[in-house]
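Single chain ahead, written as structure tokens, the form predicted on its own.
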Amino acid sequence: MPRQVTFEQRVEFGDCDPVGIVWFPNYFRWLDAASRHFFISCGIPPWRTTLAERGIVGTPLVSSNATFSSPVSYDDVLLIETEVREWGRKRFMQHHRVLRLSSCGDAPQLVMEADETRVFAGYQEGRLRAIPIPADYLAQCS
């Protein structure tokens, strides 16, 4: 089984559009935070540290696919379950399940699923490039 990390996000009024549902770009902001939280939970240092020590600036998104199954509004509490389903030499595929917690004790409801392809990145010859995933990071996160 892949390692799974859960990130909690409370939806605020300002996260919603005039109709009162979450404006879709906010989901991607939260997925990005969940992705970073995954690596922090695995023991990977903050990106500013990896930049200084190894030249790794982070894990930019190169592809995303999302399916929305239920609207979300302010005061909802979301759980974002994140795991890496596939590791490559420079890239990896993260899968996110976004669940809304029930205020009355019912099972959490799936509201969104997304797959993201990301790469480890660093500067080479003055340009941002995909770089090999460090073996120790792979071991810590698998």
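Treat the numbers as computed from the prediction; the structure is a model and nothing was measured. Numbers follow the displayed sequence, beginning with 1.
One more form of this protein should be noted, the form predicted in complex with another copy of the chain, which is absent from this view; the next part is about it.
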Item to check | Selected contact from 95, 54, 36, 90, since only one has a non-hydrogen atom within 4.5 angstroms of another copy of the chain in the predicted complex | outcome: 36
Next on the checklist: Under a 4.5 Å heavy atom criterion, is residue 43 part of the interface with another copy of the chain in the predicted complex?
Outcome noted: no
Item to check | another copy of the chain contact in the predicted complex: residue 8, any heavy atom under 4.5 Å | outcome: yes
Checklist entry - Counting only non-hydrogen atoms and a 4.5 angstroms cut-off, does residue 132 reach another copy of the chain in the predicted complex? => result no
Checklist entry - Applying a 4.5 Å heavy atom distance criterion, does residue 106 contact another copy of the chain in the predicted complex? => result no
Checklist entry - So which bits of 106 to 142 sit within 4.5 Å of another copy of the chain in the predicted complex, heavy atoms only? => result 116, 118, 123, 128
